[in-house]
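Only one chain is shown below, in structure tokens, and it's the form predicted alone.
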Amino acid sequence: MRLRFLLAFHLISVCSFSQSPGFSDSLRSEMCNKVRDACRHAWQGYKQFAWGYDDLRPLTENGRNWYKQSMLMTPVDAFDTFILLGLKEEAKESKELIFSQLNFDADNEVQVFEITIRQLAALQTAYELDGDKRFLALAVDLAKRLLPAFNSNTGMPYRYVHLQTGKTRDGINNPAEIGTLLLEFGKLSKLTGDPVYFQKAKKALMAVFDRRASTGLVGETIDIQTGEWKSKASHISGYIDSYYEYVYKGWKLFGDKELKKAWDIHSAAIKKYLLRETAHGSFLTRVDMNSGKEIASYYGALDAFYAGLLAYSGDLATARKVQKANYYMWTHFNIEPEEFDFKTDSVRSAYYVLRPENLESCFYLYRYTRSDKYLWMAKRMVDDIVEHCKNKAGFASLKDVRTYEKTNSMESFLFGETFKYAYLVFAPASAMDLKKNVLTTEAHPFRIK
């Protein structure tokens, strides 16, 4: 088996994926089963060592909570993945745990963005897939507790809110945390008929768009009270990434023409100022938002989502070039580092925290091109994760991709995103109909209605 893979990979490398060997139906089925087994293994570790906690710490074999009281991050984030992968027993176990222990009337000051994408999204998807109204009731309770975050002069949210008191803090926010609430709050308006959620989230996102530079780009951090940009660095990485994602996906989910206009402006600006052609594919760089002049040639694991977004938005030519760069980043350093300099080919942050974005882009590229080379890319990534991150308790992040040294972290998005995309890229298209669903930034599918 190992020899067969090495021979196939050699062919892929030699041909630079221009003439990929065929990816058989039996191999696709084998990969689906491999992902299911990995997901089961990680869940068994959570059950054994971290039951009722937010996350498993896989090296010390104990649980970790984000805040004073557990928010059940892992079971909430994982539930719809279990359903999509056909893991019925695991879905039953997570559902029972959620309804027996999850309570948002907690003495917790939470990060609005993380709680929204991991929990508010997951609960609504759980409701749509399972039909149990208790999921929707939990989502409504949570969203109401998050609403005080939007009480600023501009309508852009504070980063943190206390679930019991509604007290807010940290008014220096970023486009990703401001804009990546639209799908979750907007979907809740559709499910409940209450427009307030969509109105507040859209106002927040448009407040960022309205403060874009003449280049069409946005900056990295902004004062939500004054609207003043605090960091004018512009890129597609953390602090900005999923803002752009939600501008486009908001258009897909809600049909809002203002969002489509915003996407067209931003997309053209990104292509004009950020895209860099190299021998290894197209990377996206970092520039000053006002001048468009390059300030750093850094790229990393979070940036890898953009190839998938390009494919989803119809720009397959650019998407292919960016995914070529993504795959180079993954293979050149054994597994993708958190960040490297694509001009000097040197690692800046060597860790890998089980991120999904490269697999996510393989999923979208395969769906819209049907080219087997993206299945081979995804296979390499899945095989690497299983070989180098799996341990007896679950899956561990890597401290250094160059040495495969592990670190004590297994966050919930391993279930919510990484396993899901790893499965869906090999599964039949019917497993996730992109004409009927929009996947959130945490990969929770929302039905288009």
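Numbering starts at 1 and runs along the sequence shown. Source: prediction; values computed, not measured.
Just so you know, the form predicted together with 1-deoxymannojirimycin exists too; it's not on screen, but the next bit is about it.
- Candidate site formed by D80, Q124 and R447: none of these residues places a non-hydrogen atom within 4.5 angstroms of 1-deoxymannojirimycin in the model of the complex.
- Only one of 271-279, 135-143, 111-119, 311-319 places residue heavy atoms within 4.5 angstroms of 1-deoxymannojirimycin in the model of the complex, namely 111-119.
- Interface residue remark: H266 is not counted as part of the site for 1-deoxymannojirimycin in the model of the complex, having no heavy atom within 4.5 Å.
- Proximity of S234 to 1-deoxymannojirimycin in the model of the complex falls outside the 4.5 Å heavy atom cutoff.
- Proximity of E90 to 1-deoxymannojirimycin in the model of the complex: non-hydrogen atoms within 4.5 Å are absent; the residue sits far from the partner.
- Proximity of R159 to 1-deoxymannojirimycin in the model of the complex: non-hydrogen atoms within 4.5 Å are absent; the residue sits far from the partner.
- Only one of the listed residues (K200, K373, R355, K252) places a non-hydrogen atom within 4.5 angstroms of 1-deoxymannojirimycin in the model of the complex, and that residue is R355.
- The contact residue chosen from F395, F413, W43, Y53 relative to 1-deoxymannojirimycin in the model of the complex is F413, the criterion being a non-hydrogen atom within 4.5 angstroms.
- In the model of the complex, not one residue of 270-293 has a heavy atom within 4.5 Å of 1-deoxymannojirimycin.
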